[in-house]
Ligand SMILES: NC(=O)c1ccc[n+]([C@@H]2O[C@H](COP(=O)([O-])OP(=O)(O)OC[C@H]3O[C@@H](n4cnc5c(N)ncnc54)[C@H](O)[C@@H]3O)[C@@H](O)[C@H]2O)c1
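Next up: a single chain in structure tokens, the form predicted alone.
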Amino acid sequence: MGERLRGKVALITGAGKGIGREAAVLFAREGARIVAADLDGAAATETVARAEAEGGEALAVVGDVAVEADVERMIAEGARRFGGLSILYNNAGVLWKDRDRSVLETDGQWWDRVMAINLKSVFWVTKYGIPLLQRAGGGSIVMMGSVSALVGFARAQDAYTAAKGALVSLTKSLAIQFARDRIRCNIIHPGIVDTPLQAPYLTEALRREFEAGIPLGRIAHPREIASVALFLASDDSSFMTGAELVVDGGFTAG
């Protein structure tokens, strides 16, 4: 096992699949104890099994990150099990291309649900998680943004885009507010990633279209985003806060 997160306790939301699962396994391999939060209890339990197979300790907590009481309970369960928290990785999110489209096409109920999962969840996680980071003498908050927060797309997903844009501002606000508590807050902007969330929409034709627009010529693997989250969670990034890291294969550089 590695040592980069030795002694740390990490809450990872959306840990049941995709980037969240990869992060849980990677963080555990580097010595962190993992609180794997997900709406899908079976998926969270599988993530725990994989983290423990790496020699780590992990706990599955089940709930809806958009519901205040669920988040408060999941954080409390993790803190009771491991004695506190030192990393908050706000990974959970939804990308519903069939329901979240242009403002002209999106129903209000879907707008609200996308906002609740992608943005309001971070409010609840930080509201209940930051006091534990303060108690621990510091820590790291990692946000999951998107290149959608940086550029516009003709294939619109306006609720998702608005939520991810708001996270940029929230990241900077938290970074400044809690710097004196030795709490850092940074945000990752992934490009297209080959996750279960994307799978229903990634036809071969659409995959080729995406790949043609990415200078590196391919879609990211979840592990590549999780590795950046590991960097931000660890002391390797100890002088970074309020920063935005773009991980998009060069897409926004074109």
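Numbers follow the displayed sequence, beginning with 1. It should be emphasised that the depicted structure is a prediction, and the values quoted were computed from it without experimental measurement.
Although it is not shown, the form predicted in complex with the ligand is what the next lines describe.
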Check whether G129 has any heavy atom within 4.5 Å of a heavy atom of the ligand in the predicted bound form, and answer yes or no. no
So in the predicted bound form, does D40 come within 4.5 Å of the ligand, heavy atom to heavy atom? yes
If you check in the predicted bound form, is T195 within 4.5 Å of the ligand, heavy atoms only? yes
Taking the ligand as it sits in the predicted bound form, is M115 in contact with it (heavy atom to heavy atom, 4.5 Å or less)? no
Among 78-86, 139-147, 174-182, 100-108, which stretch has residues whose heavy atoms lie within 4.5 Å of the ligand in the predicted bound form? 139-147
Out of A92, L133, A159, V125, which one falls within 4.5 Å of the ligand in the predicted bound form, going by heavy atoms? A92
In sequence order, the residues of 3-33 that place a heavy atom within 4.5 Å of the ligand in the predicted bound form are G14, G16, K17, G18, I19, G20
